[in-house]
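First, one chain by itself in structure tokens, the form predicted on its own.
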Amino acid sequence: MSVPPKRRLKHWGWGYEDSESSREETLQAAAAIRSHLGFGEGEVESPVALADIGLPEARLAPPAGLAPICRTDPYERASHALGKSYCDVVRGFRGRFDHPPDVVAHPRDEGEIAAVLEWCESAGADAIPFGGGTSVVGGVEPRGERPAVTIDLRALDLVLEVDRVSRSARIQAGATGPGLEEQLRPHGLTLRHFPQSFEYSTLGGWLATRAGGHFATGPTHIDDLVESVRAICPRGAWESRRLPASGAGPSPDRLLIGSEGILGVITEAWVRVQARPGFRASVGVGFHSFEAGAEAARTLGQSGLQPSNCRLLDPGEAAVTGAGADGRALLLIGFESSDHPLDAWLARALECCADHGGSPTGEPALRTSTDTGSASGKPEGAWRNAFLRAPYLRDTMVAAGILSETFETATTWDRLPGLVRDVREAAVAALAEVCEAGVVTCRLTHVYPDGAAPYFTVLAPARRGAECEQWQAVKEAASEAIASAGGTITHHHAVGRDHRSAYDRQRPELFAAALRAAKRELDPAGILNPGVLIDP
């Protein structure tokens, strides 16, 4: 019996090669997007085929002992050269892979990881840990200054142990979101961490970047789900003791979580898992203004109700995604539980919204695990579908000549109105200057008792060949406005190389010095992902 071929991810955009749209499908989708947005013109382009891409010659070859796990073919090098930001997709679409890795290693265990790191150090090569390659901030791109070896962790993809008593699991770093959930499902458990990149990103990537899931409150950041972390550093193994909590000095886990691959290669972690939810409740609530909706979101965030979803869309975001077209801001509220029905929680949330002028856009959806229906026809379902489709649609937007990108931040409630206003104005002004048109929408993705995370989407006509310069101008204007308004340069997208200058301004300099000292101890040759977080 023949073995079916393994599916390959596209070398330039989002998703698998075998699911890429045909030329006719792309033309139809591009026409629909242009009509919906009201801009975009010219020829709908096609991506440069892999066979037509000329990559720079590899500058080193693996030693004989590592050759079986190393690849240097064009697909491997191109598909590991870029992340998935708008500019990454544009460059990949056009066949511009200026600094691909020279070698891609696929280690199968920690011994092979250690051997690859030893080889990189002796060869004077950069070593770049790689999970799903979904970074949108330049976190996995080689610098090009010296040879680079990308270390792809996806062969380490198992749930190794499940502790049902403590409700935790030991999972390898290369496990993707669907892969680890499939392995937890027979135990009736879930990690309950669902970033937009869930389909392709990995546990190790989530840990390295302090990823946030789409749940609005409660445990939503990967930080909240970690019991212990294990990593292989150039100077040995790093593993913290598995504990529910500890007051024994600064946490070793906290140094690895968010380290973005500069201190070690994360190989596995014990994480907190949960019983799969059996009860769900959701509703959409309309408000006459984004500001009124934000006040309702603040009330919910401070109420102790802990909604799983409390996502506020401004009227533009609601309209673009098809979640609402009545000119009102839309607050999407959801609850879930493995233990009890949620009618009372949803009723109280609606009372809180009514206090701020909110009214339901339809009947609440109350579902159990035995229900076959869904909320797909309701505003919350429409927005969720648009949210999941967005990375795929962006590939089509690049072909159609439409700039499509996002940026996010977080700030305290007292600063939120001014930050949203100032950042929106700065982005709109930059768009008018460099694109002559476009829209900026905003939503709140996460709600805390003391603040929220505004997430902005930019859509504009692109100038072919100058897309990255256009976006950079908008991004710089928005980033300056965020800093001036007291926000963070990133809430859950990580720092990478794209946010380095803003991160340098945001962090205390003494902390940077301490981080450099830690890197010198763990990675004295400076081979691990240089240029991220600190200078080599």
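For clarity, every value in this text was computed on a predicted model and none was experimentally measured. Residue numbers run from 1 along the displayed sequence.
The following text describes the form predicted in complex with a small molecule, which does not appear among the structures shown.
K.L.:
Looking in the model of the complex, is the small molecule within 4.5 Å of a heavy atom from each of 356, 411 and 451?
P.N.:
No, none of the three is in contact.
K.L.:
Using 4.5 Å between non-hydrogen atoms, is residue 290 touching the small molecule in the model of the complex?
P.N.:
Flag for residue 290 set to no.
K.L.:
Is residue 208 a contact residue for the small molecule in the model of the complex, using a 4.5 Å heavy atom cut-off?
P.N.:
Because a heavy atom of residue 208 falls inside 4.5 Å of the small molecule in the model of the complex, the answer is yes.
K.L.:
So, in the model of the complex, is residue 197 in contact with the small molecule at a 4.5 angstroms heavy atom limit?
P.N.:
Residue 197: yes, in contact with the small molecule in the model of the complex.
K.L.:
Within a 4.5 Å heavy atom cut-off, is residue 134 in contact with the small molecule in the model of the complex?
P.N.:
Residue-level check for residue 134: yes, a contact with the small molecule.
K.L.:
Let me know the one among 81, 103, 216, 173 whose heavy atoms come within 4.5 Å of the small molecule in the model of the complex, would you?
P.N.:
Contact residue from the list: 173.
K.L.:
Using a 4.5 Å cut on heavy atoms, which of 92, 379, 307, 212 is close to the small molecule in the model of the complex?
P.N.:
By the 4.5 Å heavy-atom cutoff, the listed residue in contact is 212.
K.L.:
Where, among 492-500, 474-482, 44-52, 25-33, do residues come within 4.5 Å of the small molecule in the model of the complex by heavy atom distance?
P.N.:
Only one stretch qualifies here: 492-500.
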